[in-house]
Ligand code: NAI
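Starting off, we have a lone chain in the form predicted on its own, written out as C-alpha cells.
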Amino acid sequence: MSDDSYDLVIIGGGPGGYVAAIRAAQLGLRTACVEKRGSLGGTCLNVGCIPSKALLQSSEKFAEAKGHLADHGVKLGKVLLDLGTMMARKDKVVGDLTKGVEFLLRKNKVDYVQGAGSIPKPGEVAVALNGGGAETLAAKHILIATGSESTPLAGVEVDEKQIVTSTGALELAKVPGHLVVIGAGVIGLELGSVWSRLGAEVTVIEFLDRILPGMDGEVAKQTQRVLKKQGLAFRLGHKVTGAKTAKSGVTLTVEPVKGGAPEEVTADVVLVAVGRRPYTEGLGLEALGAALDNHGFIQVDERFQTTVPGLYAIGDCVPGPMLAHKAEEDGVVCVEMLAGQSGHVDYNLVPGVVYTWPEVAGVGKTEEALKEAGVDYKVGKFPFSANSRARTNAETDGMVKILADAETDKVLGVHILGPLAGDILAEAVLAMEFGASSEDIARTIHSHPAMGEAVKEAALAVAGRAIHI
C-alpha cells in the first residue's frame, strides 16, 4: 500500500474523471487518477466525441470540394479521397489531445496511475498496473468515473470489423459500399453522415417511428428531411432481430415493429448504435454494497455519494444525460462539495448537440414535454433561410425555435437545426441559467450579419413581432 493516503482517488480518466482530478488539485486535495486505457480522455477523446468530429470535419471538406465549391467560383479538377491521410489526421488530433490532458495532470500535480482500478473495501483502491504488478492506494474519498460502453443488441454480435460499434466505425480501412446503421440517435446519424459523404450508401434502421428520440419532434422531422436530401435512407418503425456474417458481407433480419413479415437486408458493414450503458465491471460494487438501479446506473445522492460512505460516482455511470460536458460538471461540483464548497448541476439545462451538418442542438423542454406536462406555452420560430449570414454562406437549412411560458415569458426550451447550432445554442443556455424571458433575448443586441441573429428573431417571434419574416 502507498505510504501516504490520498484525499481523493479517481477511477477513470475520461472527461468527468480528469476534470474532477484537476479541480480537486486546484482546491488543495492530494489526488490520484487511475486509468487503464493507457491514454487519458476516456471514450470521448479516444474513440468518441473527438475522433468522430475530426472525421466529420474532414468528410465535410471532401463533400464541399466535390459538390459545392464550384458555386463559389472555385473550380477544381477530379477530387480524390485519401482515406489513409484522413484517418492519420484524426489519430494525430486524438494523440495530441491525450498528451495534452496528461500534461495538465502533471501541471496540477495529480498522480496518474496506469492500470485497472477496483475497490476491495472502503478507503482502498487496488490497481492492476498496466506495466505488471499491483499497487494499493489509500484514500479518504474515492470517486468512480468509469463512463459507459456501447449497448449490445440481441442477435447481432459485434466483431468490430463487419459489425461494429462507434469504435470500429472510426477505424474502417475502406469506404463500405453499403453501411447499415442500427439506431437513429446521435452516434448513428453522425457516423452515418461521415461515411455517406465519403461515398457509402447509408441506410438507418430505427425501432421508433422518428429519429433523434428526446429532441424536439418538429426539429427532428426537419433534420430527417435534410439528411434524406443528403442521401441517407431511413427505415423507421423497424427492428433488427438477427445478423449473419460472411466474406461477402452481413445479412440482417429486419421486421416491422408493429408486426409483419421479416425481410433480409444486406450490407458491407453494420454499425450498432442503439445507445450506451454504464461501465462498472470489475469495480467490486456488489461486494461493497453500492446500490445500482434497474438500468445498471450507480445510485447517488445530491452530493454524488453512493450508498457506501466515502464512495462517490459521476458521469455516464450515474443517472442523467450521458454527455461529456455533463460528466465534467458532475466532477467539478462533486469535488467542490468535498472541499467544503457548495455546488449544483441543473440537469434541465444540459445542452445536447448532434454534429451532423447542419447541426442539431437543444436545451430545456421540448414541445412534446410541455404538452405532456400541461404547460401553457408560446412558440417563436425563425428560419435560417431568412438570415443574411446564412444566405451569404449558402447554409439556409433549418431554424431556431424558442418555447416560452405563456404567462411569465420565461424561456423553457430552445431548439436549433442549422449551421453551428451547438455554438449558437450557448447564448440560450446562458439565458436560461439566469431565468431569462424571450423578451430579454429579443432586446439583446446581436451582431450583424451573424447566424446568432436567428435567435433574436425567434425570440421576437414569440411575441409575434419578428422583423425579417
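Residues carry their position along the shown sequence, with the first being 1. Here the structure is a predicted model, which is why all the values come from computation and not from measurement.
Just so it is clear, the following notes concern the form predicted together with the named molecule, a form of the same protein that is not shown.
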query	finding
Position in contact with the named molecule when the complex is considered in the predicted complex, options Lys410, Lys53, Lys61, His68, heavy atoms within 4.5 Å	Lys53
Partner-contacting position among Tyr347, Phe207, Phe103, Tyr112 - heavy atom within 4.5 Å of the named molecule in the predicted complex	Phe207
Stretch in contact in the predicted complex with the named molecule, which is absent here, among 369-377, 280-288, 226-234, 199-207 (heavy atoms within 4.5 Å)	199-207
Contact label in the predicted complex: Tyr355 to the named molecule, heavy atom within 4.5 Å	yes
Heavy atom of Glu190 within 4.5 Å of the named molecule in the predicted complex	yes
Residue contact check: Gly249 to the named molecule in the predicted complex, 4.5 Å heavy atom	no
Non-hydrogen atom contact His141 with the named molecule in the predicted complex at 4.5 angstroms	no
The named molecule in the predicted complex - contacting residues of 238-257, heavy atom within 4.5 Å	His238, Lys239, Val240
